[in-house]
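Here we start with a single chain on its own, the form predicted alone, put down as C-alpha cells.
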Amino acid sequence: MTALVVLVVVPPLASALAVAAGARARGAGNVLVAGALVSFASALVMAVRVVGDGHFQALGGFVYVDALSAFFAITVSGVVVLASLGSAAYLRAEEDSGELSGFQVRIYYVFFAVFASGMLASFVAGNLGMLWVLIEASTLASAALVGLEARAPSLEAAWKYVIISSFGVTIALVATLFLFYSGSVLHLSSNERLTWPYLFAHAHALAPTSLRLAFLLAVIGYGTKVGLVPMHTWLPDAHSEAPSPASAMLSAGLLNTGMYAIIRYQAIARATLGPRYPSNVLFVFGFATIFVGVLFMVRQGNFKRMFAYSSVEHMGIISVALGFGGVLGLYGALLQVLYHAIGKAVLFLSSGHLVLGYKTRESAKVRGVLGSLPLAGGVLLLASLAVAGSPPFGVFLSELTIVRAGFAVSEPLLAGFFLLLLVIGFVALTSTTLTMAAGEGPGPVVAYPRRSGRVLAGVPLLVGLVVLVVLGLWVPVGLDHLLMHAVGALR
C-alpha cells in the first residue's frame, strides 16, 4: 500500500522535474499528462485495496488511507487528468499566439505539478497538522497560476487570493491548536493528539468546549479555501483570471481539498458534541453560501465569474448536505463532490475554447457558439445543464439524495428552501449559457489553430461529458461500495 500512496502523490511532480531538466513546453505537457494518468490509476487501485482490506496507516499516523481518502484521491486525480490534457492544448495555443512566453509556460507546469501533488498528498495525511501544511502549500502553488498572465487584473486577483487565504489558513491553524488542546486529557503522544484515527476513536473523551471552538474555526478557516460565505470573495476573481485549465483545478480540486478537511473535523465534532451543533454551523454557512452564489449568478456578465459563483453555490450545497447528516446526507454530499468536480472541470475547460476563440470573458459578446465552435458549444450547453442539476446528469441524482436527506431528518422547511434556491440557480446558469450557445454568431471561430491542439483540447471535454452522463444513469457497484465505506468511516 505504501507504494500505491507514493504513486498517487508523486507522479504529477514529474513535469516539474522535466522543466528543471530543460524540457520544452510540449515535452513538459506530455510528462504532466502521463504523470496524471499514473496517479489516477493508482488511486483506483488504492480504493479497491481499501474497500477490500480496510484502512492503511504508516509513519506513526502521518500517512493514513481509508475509503474517504481514496474517494477524494480518485475525484481530484481524475480532475488532474482532465486539466492536464486541457493545459497541454491551452498553453500551446497561448504560446503560439504570443500571449504567454516560453518561460511563463514552464512556470505554469512547475506550479501546476506542485499544486496537484500537494492536494493529493493532503488526502493521505492522517495528521491534521500535516493536512494544514499540505493545504497551505497547495494554496501557495495555485496562487502562482492565478497571476500567471501578469496582467493587472490577474495580478490583483492573485494578491487578493493570497491575502484572504492567508487569513483563512491562520484561522485554520488556530482551529488545529484548539483541537490539540481538546485532547490534552488523553494519554496520547503529541503526534497522536492530531492524528485523525486516534482522535476519532477517543472523541468521547475530548474537551467539548475547546472542540466546539475548534470546529467553528475549522469551518471558517478551511471554509475560506472552500469559498463559504462570507470568506468567498477571492474565488470569483481567482477563477475568472486564471488560465482556464487552472480554473478547473481550483474549482474542482482545491475547493474539495478544503471540504475534505471540514468533513474530518465534523466527524470528530459529531462524535463528541452530538449532531446538532455541527449541523447548525454548517446550515448557517451552507445556506448563506448557496443564497449568495445564486444571487450573483443571476446577472453576472463575465461567464468565468458566473461559473465561479456556481462553484460557491455547490460548496454551499455540500455543506447543507453534511448538515442534514445521516447516511443519505453524507452519501449525497460525497456524490455532489464527485459530480460537481467532473462537471465544473469540463465547464471551465470549455470556457478556455471561448476565451481563445472570442478573445473575451464577457457573456454578452459570446453568441452562436454552437455554430462557431460546435464541440465547445455543445459541451458548454450540456455541461451547464449537468452542473445546474438537470436529469439525466449526476448532479440531479446527488441533489435529489440531499433533498431526501432533509425530509428524512424532519427538516421539511429547510429542504423546501434548499429546493427553491436550486431552481433559481438552475435558471440563472442555463439561461446565460443557452444564450451564449444559440443565436447569431460571428461565423467560424478558431480557438486552436493546430489540428493536434483541437484534438487534444477536445479529449477532456468528451471524456468528462461521457462520465457525467454514465454516472448520472448508473452508479457502478464499485463506486457505491466505496461511498458506503466512506460514509461508514465518518459514523
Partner chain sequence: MQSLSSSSIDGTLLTLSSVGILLAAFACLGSKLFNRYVAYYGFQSVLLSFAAAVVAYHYDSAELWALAVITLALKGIAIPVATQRLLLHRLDLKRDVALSTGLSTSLIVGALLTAFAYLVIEPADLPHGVVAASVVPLSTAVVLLGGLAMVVRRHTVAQLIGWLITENGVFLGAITLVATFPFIVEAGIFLDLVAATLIMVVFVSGITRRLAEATSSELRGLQG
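Residue numbers count along the first chain shown, from 1. Not measured: the values here are computed from a predicted model.
Although not depicted, the form predicted in complex with the partner chain is the subject of the following passage.
Next item on the list: Quick one: from V110, L177, A271, V284, grab the residue that has a heavy atom within 4.5 Å of the partner chain in the predicted bound form.
Entry: Of V110, L177, A271, V284, the residue with a heavy atom within 4.5 Å of the partner chain in the predicted bound form is L177.
Check: Can you pick the one in Y277, F396, F296, F200 that has a heavy atom within 4.5 Å of the partner chain in the predicted bound form?
Finding: Checking each option against the partner chain in the predicted bound form, the one that comes within 4.5 Å is F296.
Check: Is there any non-hydrogen atom of F426 lying within 4.5 Å of the partner chain in the predicted bound form?
Finding: No, F426 stays farther than 4.5 Å from the partner chain in the predicted bound form.
Next item on the list: Determine whether any heavy atom of E94 comes within 4.5 Å of a heavy atom of the partner chain in the predicted bound form, and answer yes or no.
Entry: Result no; E94 lies far from the partner chain in the predicted bound form.
Next item on the list: Mark F62 yes when one of its heavy atoms lies within 4.5 Å of a heavy atom of the partner chain in the predicted bound form, and no otherwise.
Entry: Close contact exists here: in the predicted bound form, F62 approaches the partner chain to within 4.5 Å, heavy atoms only.
Notebook entry, point to check: Is R305 a contact residue for the partner chain in the predicted bound form, using a 4.5 Å heavy atom cut-off?
Noted result: It does: once the partner chain is placed as it appears in the predicted bound form, R305 has a heavy atom within 4.5 Å of it.
Next item on the list: Have a look at 95 to 103, 143 to 151, 246 to 254, 337 to 345 and name the one stretch with heavy atoms inside 4.5 Å of the partner chain in the predicted bound form.
Entry: Heavy-atom contact with the partner occurs in 143 to 151.
Next item on the list: Go through 159 to 178 residue by residue and record those having a heavy atom within 4.5 Å of the partner chain in the predicted bound form; state none if no residue qualifies.
Entry: The stretch touches the partner through W159, K160, V162, I163, S166, F167, T170, L173, V174, T176, L177, F178.
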